[in-house]
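Heads up, the chain below is alone and in the form predicted alone; it's given as structure tokens.
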Amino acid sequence: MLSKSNIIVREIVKISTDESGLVEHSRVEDVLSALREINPSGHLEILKSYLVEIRKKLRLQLVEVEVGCQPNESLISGLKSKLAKHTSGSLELKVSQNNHLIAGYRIRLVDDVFEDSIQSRLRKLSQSLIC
């Protein structure tokens, strides 16, 4: 059975997200100012739980992509369309250039990292020659 503070946290997390499920900064600010005004009993417990839940949601909605070349609009839109096919929720895409990859990509989603780059292939080749 959920406690009263857990029910409150669940509801204010819902309020903090937009229609697509992404956490919105302005909504989080509104929730926090409303909590300051209301000052409910157990407010410290509510704020701690709210922080934990918002951090979880933010972590799950961000996909970090590193590419070995300068990212362009066609690359970004192609990645977004491929991600949309394979995910159910809304995701925020952060694309950056990493010259150490030489060519290829590295995708980080929560704790999973997917990489196919010249750097990773050379590392695997080097390890296989050492053994």
Partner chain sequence: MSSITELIRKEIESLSTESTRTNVGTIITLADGVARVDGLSKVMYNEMIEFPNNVLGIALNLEEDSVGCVLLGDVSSLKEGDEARTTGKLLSVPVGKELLGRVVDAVGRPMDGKGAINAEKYLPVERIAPGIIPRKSVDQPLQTGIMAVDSMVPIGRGQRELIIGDRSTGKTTIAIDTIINQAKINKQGEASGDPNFRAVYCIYVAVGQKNANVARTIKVLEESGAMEYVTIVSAPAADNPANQYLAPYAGCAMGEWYMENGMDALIVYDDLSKHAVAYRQISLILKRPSGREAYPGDVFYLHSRLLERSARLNAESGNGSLTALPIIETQMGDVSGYIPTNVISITDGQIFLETDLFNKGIRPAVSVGLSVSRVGSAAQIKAYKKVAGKVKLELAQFRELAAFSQFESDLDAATKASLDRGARIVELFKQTASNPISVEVQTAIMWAMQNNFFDAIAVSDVNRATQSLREYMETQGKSACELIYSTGKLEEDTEQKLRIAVEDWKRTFS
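Because the structure is predicted, anything quoted here is derived from the model rather than measured. Numbering follows the first chain given and starts at 1.
Not on display, but discussed next: the form predicted together with its partner chain.
* Asked: Looking in the predicted complex, is its partner chain within 4.5 angstroms of a heavy atom from every one of 25, 35 and 50?
  -> No, the candidate spot makes no contact with its partner chain.
* Indicate whether residue 82 is a 4.5 Å heavy atom neighbour of its partner chain in the predicted complex. => Contact with its partner chain, no.
* in the predicted complex, does residue 15 have a heavy atom within 4.5 Å of its partner chain? -> Contact with its partner chain, no.
* To do: Decide whether residue 19 counts as a contact residue for its partner chain in the predicted complex under a heavy atom distance cut-off of 4.5 Å.
  => No.
* Given that the partner is absent here, does residue 124 sit within 4.5 Å of its partner chain in the predicted complex, heavy atoms only? -> Flag for residue 124 set to yes.
* Asked: Listed by sequence position, which residues of 107-121 have a non-hydrogen atom within 4.5 angstroms of its partner chain in the predicted complex?
  -> 108, 111, 112, 113, 114, 115, 116, 121 sit within 4.5 Å of the partner.
* Once you compare with this form, do the C-alpha atoms of residue 51 and residue 66 lie closer or farther in the predicted complex, given a change of 3 Å or more? -> Here the pair is farther apart than in the predicted complex; there, closer.
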